[in-house]
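Form predicted alone, single chain, as structure tokens, below.
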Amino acid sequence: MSHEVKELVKRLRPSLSLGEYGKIFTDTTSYMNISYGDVIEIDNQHYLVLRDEAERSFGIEDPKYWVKRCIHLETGERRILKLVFHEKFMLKLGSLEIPCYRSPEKEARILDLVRDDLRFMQGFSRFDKKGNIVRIIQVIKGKRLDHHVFELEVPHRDYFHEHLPAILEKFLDSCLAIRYLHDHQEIHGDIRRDHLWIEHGSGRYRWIDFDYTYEFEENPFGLDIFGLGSLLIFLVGKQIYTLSNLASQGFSPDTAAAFNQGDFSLLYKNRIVNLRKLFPYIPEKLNLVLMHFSNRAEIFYESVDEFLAELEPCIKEIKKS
């Protein structure tokens, strides 16, 4: 089969030089067997596999063997192919346990729903010869929003007053994008700080990765809203704070004693939500928005509109200050 791949590459992309030539796959069921130099053939189009994608967090790479970085041989453009992979787990939110799982079909629906809406990644789905639904994604040229924020080399006070208002104004538009999904009875399903990217050139914020879904009877959109809240906490703080990293961020050893259980996230137990105890110049109204996602909260946001109704005036207050 290597000869077939070599001839295919030579015909469609003669300028491309490969160290190895693999096989042609029309069935993507066994995605672990598909690697560098192989070609995935979908709907008479050919995608040369360069590598497996990986999620990077805390300096650790977590390979995603079912997600392939490819070259579309017919056009030479980079594409990401997401193959069928199923997993299921339980997420704890306070005393609730929420079933979460991957749904390739749901991601395919959303790709159709958000076509040409550049607040989201773009792509389409096709079936392979065995009926597996493959999502073919355009690569966003840019960087993660959290990396951009973390790399701003200014003290928190300067960041808060000089950079955060503009970041939050774009974040508002990203929240409205999530509301658009909810208005169509869809959810993002996995809102995290590494799933919102800044596109080079345009500066546009764009959501990626829609294949997670969940079953939350109390509020079908609840985890999306908690995801937006967790992202907001990161943006306001410029990073995530826990008791264990306060000293390394220049806080005195007795700072930790000021916190109680109610000051931490309901979803991520070790994350500090009550940031006003670290940065007293954070307006009380903004801190109250953050505290809706804490262990202390008794009332939760039911919709993106409720969340934005309280967040938007806070941005104007930061600008005035």
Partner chain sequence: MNLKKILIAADASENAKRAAAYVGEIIGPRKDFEIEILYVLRYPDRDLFPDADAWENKKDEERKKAQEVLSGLSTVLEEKGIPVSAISTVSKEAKGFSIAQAILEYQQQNGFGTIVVGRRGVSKAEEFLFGSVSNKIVHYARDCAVWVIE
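Treat the numbers as computed from the prediction; the structure is a model and nothing was measured. What we label the rigid core is the largest C-alpha set whose atoms superpose within 1.5 Å from one form to the other. Positions refer to the first chain, counted from 1.
From this point on, the text means the form predicted together with its partner chain, which you will not see here.
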Taking any heavy atom pair closer than or equal to 4.5 Å as contact, tell me whether Gln185 reaches its partner chain in the predicted complex.
yes
If we define contact as a non-hydrogen atom of the residue within 4.5 angstroms of the partner, is Gly142 a contact of its partner chain in the predicted complex?
no
In the predicted complex, does Glu153 come within 4.5 Å of its partner chain, counting heavy atoms only?
no
Does Glu302 reach its partner chain in the predicted complex if we count a contact as any heavy atom within 4.5 Å?
yes
Hey, with its partner chain in the predicted complex, do Glu20, Arg78 and Gly201 all fall inside the 4.5 Å heavy atom range?
no
Heavy atoms within 4.5 Å of its partner chain in the predicted complex: which stretch in 224-232, 70-78, 168-176, 192-200 meets that?
224-232
Answer with one of His46, Lys277, Arg271, Arg296: the residue that has a non-hydrogen atom within 4.5 Å of its partner chain in the predicted complex.
Arg296
Among Arg119, His163, Lys106, Arg126, which has any heavy atom within 4.5 Å of its partner chain in the predicted complex?
Lys106
Determine the residues of 306-321 with a heavy atom within 4.5 Å of its partner chain in the predicted complex and present them in sequence order; the list may be empty.
none
Checking Tyr268 here: with the core superposed, does its CA move 2 Å or more between the shown form and the other one?
yes
